[in-house]
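In structure tokens, the next block holds one chain alone, the form predicted alone.
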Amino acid sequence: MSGLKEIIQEKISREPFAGNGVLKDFSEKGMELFREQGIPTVKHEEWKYTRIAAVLNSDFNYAANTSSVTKADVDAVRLPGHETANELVFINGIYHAEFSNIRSSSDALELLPLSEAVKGEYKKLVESNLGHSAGYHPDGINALSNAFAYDGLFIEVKKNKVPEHPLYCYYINDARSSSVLSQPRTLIHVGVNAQVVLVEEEITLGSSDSFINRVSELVVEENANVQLYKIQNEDVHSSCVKTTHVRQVGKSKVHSVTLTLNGGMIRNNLNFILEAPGCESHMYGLYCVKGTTHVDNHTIVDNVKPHCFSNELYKGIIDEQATGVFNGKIFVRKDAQKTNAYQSNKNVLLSENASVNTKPQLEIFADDVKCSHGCTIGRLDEESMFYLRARGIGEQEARALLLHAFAAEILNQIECKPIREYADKIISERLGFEL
């Protein structure tokens, strides 16, 4: 096991990076930037509420090809509806075809290693989009992901196609024998007039420390439609930084829901770059955390072109000694006239030791826009509790009922029925609410 810099140095010197090539240059630049920038500290404005250095003190093993995960292990964590889904299984950051199931026809969906995609018909697409997220997250953690990009996966949802099955992505960390570092990397291209439902879940096996640094970059073309659902429900030994970077390069619609329940240190970066007139973006999030879980949601909506619409709502239920962070930014560029952009963050604190830091922000450089932002932090409404108690409902039941109603506004945004029912079940169990 090694420190992070030693792991990167060993990774870059491996045989796949010998010779010339786009990915070799890209990875070497990532290594250089990581050496220069290092791990972010609280002095970094975008990391002032999240101390990531302590998480990375462990000696990690980069065990990409040494996992002992079996088919039975994978079968045990498959999501509801998997029988009719395309399933992609990543183990310690690497895609494993032998555990995956591709049910949609090849004329709708294509999967290639990034190392192959960059050589063929997708070469220009990969070159112009891989690493685009770095412009919005110029820090050592993003650079660290770039250094490991060679093992990434390219996913193409083809023009005018709608895969007949949703796409489930399982990111499994095998931490049963040692602390493990994984660097999953995906580049997803959704073609003109295409549609896709994408579901992502992180799973850690074992009780050793694990750290996931995952970057997913999506390119969404004209008239495309994307639904994106993310579920995070791990344990205190599992920490992560997950960056989802969406470029809407044509007039398109993207709908995103992020659900967080458990983990150690969790950092979610979600970027929407609206690069074509008339784009529509929806961003919903629910973090229902307790114990010592720390969840940091960083969102960016960058309105580059006019007549775009975005709606963002994140809600937090924070108990015991857990901590929540919400930092949302909306940019409206000079040419993005007629932009409609809305942002809201609402939080309920359930204990004296629970805390939240919230910072909604607007930066507007156009003069004909409709934008709003706001946040609330409070406790359960005493009048509502009194109303329910006066009608014979016990205190715990009344509390659970109010919290479930608070969460339901986000859960109802999950349009994929098996995933919505699953999310509702695990949230209800957390809140003590009986469906």
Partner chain sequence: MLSIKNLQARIEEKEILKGINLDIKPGEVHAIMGPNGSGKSTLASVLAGRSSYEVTGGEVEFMGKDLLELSPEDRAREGLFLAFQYPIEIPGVSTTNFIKTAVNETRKYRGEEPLDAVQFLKIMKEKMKLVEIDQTLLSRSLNEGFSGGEKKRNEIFQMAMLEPHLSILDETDSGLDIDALRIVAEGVNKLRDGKRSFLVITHYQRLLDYIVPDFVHVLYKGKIVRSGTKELALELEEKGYDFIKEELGERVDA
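On a predicted model such as this, the values are computed, not experimentally measured, just so you know. Positions refer to the first chain, counted from 1.
The next section is about a form of this same protein that is not shown, the form predicted together with its partner chain.
Q. In the model of the complex, which of the stretches 44-52, 400-408, 367-375, 29-37 has residues with heavy atoms within 4.5 Å of its partner chain?
A. Going through the listed ranges, the match is 400-408.
### Message
So in the model of the complex, is its partner chain close enough to residue 388 to count as touching (4.5 Å, heavy atoms)?
### Response
Residue 388: contacts its partner chain in the model of the complex.
Item to complete: Would you please decide whether residue 68 lies within 4.5 angstroms of its partner chain in the model of the complex, comparing each non-hydrogen atom pair?
Response: No, residue 68 sits far enough from its partner chain in the model of the complex that none of its heavy atoms falls within 4.5 Å.
May I ask you to state whether residue 393 is within 4.5 Å of its partner chain in the model of the complex, using heavy atom distances? Contact with its partner chain, yes.
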